[in-house]
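Shown here is one chain on its own, the form predicted on its own, set out as structure tokens.
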Amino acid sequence: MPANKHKVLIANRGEIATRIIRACCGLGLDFVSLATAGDLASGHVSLARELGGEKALYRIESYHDANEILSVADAAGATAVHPGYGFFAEDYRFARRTAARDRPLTFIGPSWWAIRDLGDKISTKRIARSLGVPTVPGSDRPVYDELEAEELARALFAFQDEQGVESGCVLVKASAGGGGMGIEEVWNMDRFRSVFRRVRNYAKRHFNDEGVLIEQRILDFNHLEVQIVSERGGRNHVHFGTRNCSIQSLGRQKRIEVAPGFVPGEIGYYFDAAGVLEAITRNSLAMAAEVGYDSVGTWEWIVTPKGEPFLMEVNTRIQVENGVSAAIARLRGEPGVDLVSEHIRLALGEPLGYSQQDLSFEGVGVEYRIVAEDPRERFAPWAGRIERFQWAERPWLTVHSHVPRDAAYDIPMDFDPNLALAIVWGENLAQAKERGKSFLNELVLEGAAAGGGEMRSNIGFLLEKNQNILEF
């Protein structure tokens, strides 16, 4: 089917849904958007009606219900589904199901087996090590034997000692667990055996699998990413540069992202920063080619204060911060690349149409995540009504938001209280920081809690951290 004959079901909400709607319109594609009862005031709902009419919007009970979403796809005559980020974006079972059903849908993302293989941290580590790509030191398979686990832990403590780490730390993790479940830190070998046994028992009790991973805990690192874009079929691969996502909340949630990942021309680093950027892009492309990756994806790295990069994981989806990479990208010398559009058109079978030689990078981009949260209270989410949300339009500024600018907006309790992504571009880091400061100071964000409490946001936190962007 020609790409422009598809109808795309947008299986997501909020800011990313608005970007997908606009990308579909730019590509000449029909679309269908979804909304729960609590989301009817969201900007993605009004935009869907404005650009697609009432038939472009369907009410659903939950964004998490795959059966309901696929029923809407059938009712609307959709031929493709875009999962956005979160929800089903990295669910290989959902991706496989869309392809295997009687009325197959094109999944706008990688092939399901790529999601499965790269979504598994152990599998990713094995693939990386087979190519000589450095990964976080530690086991690349579940460990069941206590003596083997102790041997690994001693080796990691010795490695950290050689690195000059004053207080080494090892992570003991349930291999079958997800997120922060079943993870403990060990700071000396005297406690290792008891922690290993506790995590092993936890893993057996909760996951019916006693497997444990032993990894080095790397402290004081920078979190870098490489943006990869690959053609359907896994033949052609390019990178859209690097970005630095080290400014985070206490819960390791990114708050400021910067492209490129380092600026050695403006900041003096204690290591070869340009060499690190070259190495992580080269190794990310090598892995993408090895596995036949076939979509937009992100290779995530941690870099130690000595400039040693270690691959952490691969995110097989479009990421929140794709726009900051696009901000510095130039295709045949011209700005305006939209990675959401690239994600869609490549998934629908169009050729990449350019090579790495056609891409260049100019200036510095900074993305600020504006969130209704209280950094003074451990970034606790804030719920209430947004009364005013305004900013001055600038040629160097792009703001993605689902919060209406012409009406009050009650923040839904069911989702993270993200309000907007503001992307600032500058000719250099100094200019980008100054423009970011200007935007944040001029931004009007007013509201009140249901009980009358004042508006809480992270704008002050963003202003504080803006002063030291990209400093290691």
Partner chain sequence: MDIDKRLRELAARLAYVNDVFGPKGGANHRLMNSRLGEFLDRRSAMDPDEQLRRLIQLEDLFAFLEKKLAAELTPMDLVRIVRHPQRVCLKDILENVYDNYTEIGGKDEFSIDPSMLIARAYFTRRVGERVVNQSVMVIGQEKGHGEEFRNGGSVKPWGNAKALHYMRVAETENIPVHSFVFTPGAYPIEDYPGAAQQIARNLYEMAALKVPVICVVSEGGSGGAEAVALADKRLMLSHGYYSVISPEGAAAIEAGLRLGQKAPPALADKCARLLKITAADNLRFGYVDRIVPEPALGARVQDYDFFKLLRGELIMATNEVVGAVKGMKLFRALAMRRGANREAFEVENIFMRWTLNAKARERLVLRRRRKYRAMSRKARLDGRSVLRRAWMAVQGAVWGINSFFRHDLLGKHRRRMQRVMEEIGAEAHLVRERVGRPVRSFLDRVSGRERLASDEARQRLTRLSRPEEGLCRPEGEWAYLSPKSREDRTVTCPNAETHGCRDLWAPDLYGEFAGVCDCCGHHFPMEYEWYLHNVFNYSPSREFNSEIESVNPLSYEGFGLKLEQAKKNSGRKSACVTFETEMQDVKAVVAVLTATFRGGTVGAAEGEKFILAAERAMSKRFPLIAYVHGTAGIRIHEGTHGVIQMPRCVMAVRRYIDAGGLYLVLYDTNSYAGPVASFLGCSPYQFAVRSSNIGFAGPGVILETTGLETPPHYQGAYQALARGHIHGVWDRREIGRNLYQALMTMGGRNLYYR
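Numbering follows the first chain given and starts at 1. The structure presented is a predicted model; accordingly, all values stated were derived computationally and were not measured.
Another form, the form predicted together with its partner chain, is not on view; read the next lines as being about it.
In the predicted bound form, its partner chain stays beyond 4.5 Å of every heavy atom belonging to Gly182.
Contact check for Glu148: a non-hydrogen atom falls within 4.5 Å of its partner chain in the predicted bound form. Proximity of Glu90 to its partner chain in the predicted bound form falls outside the 4.5 Å heavy atom cutoff. A residue is said to contact a partner when one of its heavy atoms sits within 4.5 Å of a partner heavy atom; Trp396 fails this definition for its partner chain in the predicted bound form, lying far away. From the list 126 to 134, 294 to 302, 222 to 230, 327 to 335, the contact stretch for its partner chain in the predicted bound form under a 4.5 Å heavy atom rule is 126 to 134. Out of the listed residues Arg235, Arg282, Arg141, Arg252, Arg141 is the one that sits within 4.5 Å of its partner chain in the predicted bound form by at least one heavy atom.
Only one of Arg385, Arg217, Arg197, Lys204 lies close to its partner chain in the predicted bound form, with a heavy atom inside 4.5 Å, and it is Lys204. Along 41 to 78, a non-hydrogen atom within 4.5 Å of its partner chain in the predicted bound form is carried by Glu61, Ser62, His64, Asp65, Asn67, in order along the sequence.
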